[in-house]
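Heads up, the chain below is alone and in the form predicted alone; it's given as structure tokens.
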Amino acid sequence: MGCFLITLQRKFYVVTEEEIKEGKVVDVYFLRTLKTMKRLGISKKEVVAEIAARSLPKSRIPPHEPWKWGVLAGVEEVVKLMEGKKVDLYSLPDGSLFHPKIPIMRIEGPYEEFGALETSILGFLCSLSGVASAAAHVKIAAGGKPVINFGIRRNHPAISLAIERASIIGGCDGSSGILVEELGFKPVGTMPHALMVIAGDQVKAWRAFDEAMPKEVPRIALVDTFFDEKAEALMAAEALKDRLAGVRLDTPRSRRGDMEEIIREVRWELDLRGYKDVKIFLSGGLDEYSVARYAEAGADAFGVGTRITGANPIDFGMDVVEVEGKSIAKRGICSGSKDLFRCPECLTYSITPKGAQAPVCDRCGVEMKPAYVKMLEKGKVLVDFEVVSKLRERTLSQLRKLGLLKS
């Protein structure tokens, strides 16, 4: 049995931005493919590759059918990865709603320029679109009420900011990580149970929090540490009076009981004593199914973690559909370079052969508009990257237009 000397040079097993850009995040078979292509003298052939989702993850809402749409994220990262390569890139922009089988991106150029980058290209799109899509479905379930990403602890810390950004693209109103300020959002958070447990007294802890925090930090008391949620909510209200902005219920699943009734009871008791302005913030193992029920019961805002940051990736795939101007593709994939059009009224898509005339929407009777944005020409970036707040608004505006989200 052989012995191997392993030299650990990384403090954490994190791939750097430079290594991603250099193409070092790659499945080995792509490198072997390029080597074989070079032997055949075909690696420089001009090809067209398209990226589309094979399928979408299942909803948590019964009957647990696959989502009919997702939210695109990761396009900016792909463009930055491909910058400097001799390729043209057309894509739907980040924050676009998409459906299975719709080609969300088209890449044109010599295969050797981008073939080995497929691993990272799909990694950006699959992971981040999964997070953005889950966030959007939770936001809809909340009926438009605030949804905060509480889940960066569920991922490797190296990708926390990318995950937070994707969750905001999907419609989240904020996130708990402090680096989210780089995206133009203030981090959102309350307090952990550890504060009350170590202080040994919840009232003492709430009052100390009130004294320690600057005025702009909302006073939201965690109210299920030692006593019943209703009892601690009233204790917090009496302790902080009109400074109390809200109470957070974070009861572990094993002790939830009928959470909808707990929410109603807390709301009733607060209202009865004149604390109608105190909001009920809910967290702990939530998904779109439970959020919908609790929003109906009277919860005002939600902190959602694993369901968003641990979302299933979107099953995007990249396929060559044209080689040296000839339409050719593997079985199951329609060959030929394509254009994508979208109806400005109902937001449905239509796929046409590249260069075809814009179709008319069968449903609305209006001419569809080109959906792709040309983002790279021979490796030169043609677009200004949008701030995440604008991408979020793109997502939300589409959901409103489709009647999925209240104005």
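Throughout, we count residues from 1 along the sequence that is shown. Keep in mind that this is a model prediction, so the values were computed, not measured.
Keep in mind the form predicted in complex with a small molecule is missing from the figure; the text below concerns it.
- For the options Gly336, Gly144, Pro110, Pro192, the residue carrying a heavy atom within 4.5 angstroms of the small molecule in the model of the complex is Pro192.
- None of Gly284, Gly246, Gly174, Gly177 but one reaches within 4.5 angstroms of the small molecule in the model of the complex through a heavy atom, and that residue is Gly284.
- Though the partner is left out of this view, Phe316 does not reach within 4.5 Å of the small molecule in the model of the complex, counting heavy atoms only.
- At a distance threshold of 4.5 angstroms between non-hydrogen atoms, Asn312 is out of contact with the small molecule in the model of the complex.
- Of the heavy atoms in Phe302, none are within 4.5 Å of the small molecule in the model of the complex.
- The closest heavy atom approach of Arg154 to the small molecule in the model of the complex falls within 4.5 Å.
- Comment: 302-310 is the region of 120-128, 206-214, 302-310, 87-95 lying near the small molecule in the model of the complex, near meaning a non-hydrogen atom within 4.5 Å.
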